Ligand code: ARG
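Only one chain is given next, in structure tokens, and it is the form predicted on its own.
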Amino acid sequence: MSTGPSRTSTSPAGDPRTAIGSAFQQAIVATLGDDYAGSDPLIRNTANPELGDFQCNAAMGLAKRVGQPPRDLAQKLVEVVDLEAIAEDLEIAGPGFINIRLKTDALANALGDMDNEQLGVEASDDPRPIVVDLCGVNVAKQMHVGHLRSTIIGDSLARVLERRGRHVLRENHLGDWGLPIAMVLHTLRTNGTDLDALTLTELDVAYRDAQARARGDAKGLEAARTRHSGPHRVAELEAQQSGAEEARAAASDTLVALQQGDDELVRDWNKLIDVTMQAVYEALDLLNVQMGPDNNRGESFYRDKLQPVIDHFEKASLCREDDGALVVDFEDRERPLLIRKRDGGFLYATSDLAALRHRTRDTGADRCIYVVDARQRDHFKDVFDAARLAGWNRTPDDHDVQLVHVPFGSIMGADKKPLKTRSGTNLTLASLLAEAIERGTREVASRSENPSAPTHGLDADAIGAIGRAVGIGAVKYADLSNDLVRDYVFDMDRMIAFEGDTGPYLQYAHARICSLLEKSGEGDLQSSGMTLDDATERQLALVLLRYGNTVSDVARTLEPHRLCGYLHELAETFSSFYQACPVLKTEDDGIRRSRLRLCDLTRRVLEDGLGLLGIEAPQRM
């Protein structure tokens, strides 16, 4: 490497790409001055590994800005940058690309440094909690496929943030309060239903019946009278409207009694919650989602906090009256936010503001993440902006709070329409998961019939446990590997495949490495040296070293598909390494142990990464 009168320096810790980028940033400043301190050094992987491991592409763009030939500027950067500790002599190619090849011992040392429990993932020292709002089920209704996305996306983001050392508060904003719940409660009590024997299916039917009874047709009645429809039609609509008004009035009376703490009503109300949540917990257990009763903070929790929200906005003159209602205006849009209805009733926006106030002011969270479908984008923009007007975007210690809506698209059927059953009704989450587990178990059982399969001879319970992990993993990976905001087509045949960009492919890669390590009979491998002479060994090492930065990127961007893409690349890179480099049959004991250590590190990263997605990593498949 050429030397110059003055050099910047860097250390070989962590992902080499980070160290190289830092060194070139310093070199740019040393060459062009402080005005270029924010310039991106454009460190990329080389398209052709024979040319090196990385490439610095900054010279071309910077050369235009400073009026120098790109190769001349590249040469100046090479003369100033100090990568002696980790790189071989730098080479300038083409119009000004700078090719960088890491020294083998530096690459091995970096890999050795990540070979511990942290696996290269840096922990944050920020003590403030992060709130993740996920799941969002409603009492008295079955979970449907829409709940799948909010639940598994939110759980994965929470796992990633926890992996980075943050304290995460998972919150299920349970729809357990208000007129709809009072309607179903009144219906069940009027029907004399035994609430101690109530099932979720019966509760779901009662919810729909209560909604139907309260659904009048005032416009239809008015039209019938205006058009002088027959007396039978008018009488029919009058009866419907009268019945609906009576049902709503009865439900309103029930809600008032519930709000006043009527003992029997509160006891029955809790029974509805118990029936609903029992099914929710069963689904969460199948999904391997980390949520329980302590994570429930329903609308009922905020019922005494709604009026203080209104009082705050009125006292600070942040709202105005509009025909008896209260609204909040924004300078950049015509759409106001309604926070209190004309009749004095509260809305979802009021509840969300109360929740936001609690989460930022009471828990001190400096990041509130709402995993809710994309159709609520405008709602959360308005709520967040209203919270900022109220000053609820700062913690009690005056730290900025990041308010984030993580929107997601819909799960579509083969017809590119929202996923439904064949009869056209909403598909329940329970039925979808049952199909996934059945398909996963069938696939694992079929493979176990091969006498050479690691699962051959396992009993039905063991096959079932693996099948469940495979089926659920297939569904979760298919969801999380997509760009969240996009709709995706639910295709169980593609999801369950053991090849391609699927969850079972990654699980199978992990299981294969487990089998390999078991056959090796080796114990502690961390004391083994690292020899990375083969090109596929180097490539695997480089991919492994990116794991920590990948986890950090997901924590920052809240995009789980980045982790999915990384894990798939890692599995494919390992496959190329395994095909090119004999492991168990290598005669040289040092090379054998080095390659086994690479295998073990890959296995642990796969297991850890799948864990961050909430996907199990079976040892046999």
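Numbering starts at 1 and runs along the sequence shown. Quick caveat, the model's predicted, so the values are computed rather than measured.
Same protein, other form: the form predicted in complex with arginine, not shown, and the subject of what follows.
Peer 1: Just one of 280 to 288, 376 to 384, 152 to 160, 252 to 260 has residues with a heavy atom within 4.5 Å of arginine in the predicted complex, so point it out.
Peer 2: Checking each option against the 4.5 Å cut-off leaves 376 to 384.
Peer 1: Looking at the partner-bound form in the predicted complex, is residue 370 within 4.5 Å of arginine by any heavy atom?
Peer 2: Yes, contact at 4.5 Å.
Peer 1: Taking 4.5 angstroms as the cut-off for heavy atoms, does residue 348 touch arginine in the predicted complex?
Peer 2: Residue 348: contacts arginine in the predicted complex.
Peer 1: Using heavy atoms and a 4.5 Å limit, would one call residue 129 a contact residue for arginine in the predicted complex?
Peer 2: Outside the cut-off, so no.
Peer 1: Please check if residue 173 has a heavy atom lying within 4.5 Å of any heavy atom of arginine in the predicted complex.
Peer 2: Yes, residue 173 sits close enough to arginine in the predicted complex that at least one of its heavy atoms falls within 4.5 Å.
Peer 1: Can you work out which of 147, 248, 439, 166 has a heavy atom no more than 4.5 Å from arginine in the predicted complex?
Peer 2: If I apply the 4.5 Å criterion carefully, the residue I get is 147.
Peer 1: Quick one: from 96, 178, 548, 136, grab the residue that has a heavy atom within 4.5 Å of arginine in the predicted complex.
Peer 2: Residue within 4.5 Å of the partner: 136.
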